[in-house]
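Just one chain is shown here, as structure tokens, and it is the form predicted on its own.
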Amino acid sequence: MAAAPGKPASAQAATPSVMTRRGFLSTLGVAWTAFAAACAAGAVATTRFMFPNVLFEPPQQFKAGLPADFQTGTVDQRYKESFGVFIVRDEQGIYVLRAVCTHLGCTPNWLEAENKFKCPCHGSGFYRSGINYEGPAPRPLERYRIVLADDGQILIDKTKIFAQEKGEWSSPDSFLKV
């Protein structure tokens, strides 16, 4: 590029460019739009914070039916998925085992042919009573509180847990004599 007559090339390149009014207003408009978007995002985040997520858990007490609905010598798995319990009836009565392995918290399966609970994660085995006898589980399955409701149905209360190693299985609320 040739220099203009009377001005050196370096002087012409050093001339500052002046922003036009239209350029200034469009830059200002973009800045205000970005500011308004940031404020709107903050307002949405604040509003969302005011209404937190609520987790709805299944009820901690439920009725499982009449004692006559459970046969002696069986493990009832009807409430395994919905409430996480096994209902066991033997000659002495009915008790409710928590369907959580005491090793790492997996859900054991009842194997009718082998007459035992077996944890699919690490192989812990439990007798029908809930006592551990094989695998890495350090202690027996826990029991939940079980009583008869006023209408004669079995009421299971998952807020009260009974541990065998603490001697709590002999508590009258840890089993139901029928």
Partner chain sequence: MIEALKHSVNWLSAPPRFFTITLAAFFVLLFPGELGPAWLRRLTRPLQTVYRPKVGGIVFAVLGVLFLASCFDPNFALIVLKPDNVPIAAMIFLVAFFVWFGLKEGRRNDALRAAEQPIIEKRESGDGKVMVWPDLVYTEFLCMILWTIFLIVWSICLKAPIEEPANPAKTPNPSKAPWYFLGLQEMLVYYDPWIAGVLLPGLIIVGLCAIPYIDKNPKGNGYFTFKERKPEIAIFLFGFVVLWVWLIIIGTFLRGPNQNFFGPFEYWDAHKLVPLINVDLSQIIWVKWMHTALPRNPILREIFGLTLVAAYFLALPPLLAKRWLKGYYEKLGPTRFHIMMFLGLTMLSLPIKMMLRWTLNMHYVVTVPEIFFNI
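Numbering follows the first chain given and starts at 1. Every value quoted in this text rests on a predicted model; they were computed, and no experiment measured them.
The form predicted in complex with its partner chain is left out here; the points below concern that form.
- Contact here is defined as any heavy atom lying within 4.5 Å of its partner chain in the predicted bound form, and by that definition not a single one of 129, 131 and 177 is a contact residue.
- None of 64, 141, 137, 146 but one reaches within 4.5 angstroms of its partner chain in the predicted bound form through a heavy atom, and that residue is 137.
- A heavy atom within 4.5 Å of its partner chain in the predicted bound form is found for exactly one of 29, 52, 120, 152: 120.
- Its partner chain in the predicted bound form is not approached by residue 78, whose heavy atoms all lie more than 4.5 angstroms from it.
- In the predicted bound form, its partner chain lies farther than 4.5 Å from every heavy atom of residue 74.
- Of the heavy atoms in residue 111, some are within 4.5 Å of its partner chain in the predicted bound form.
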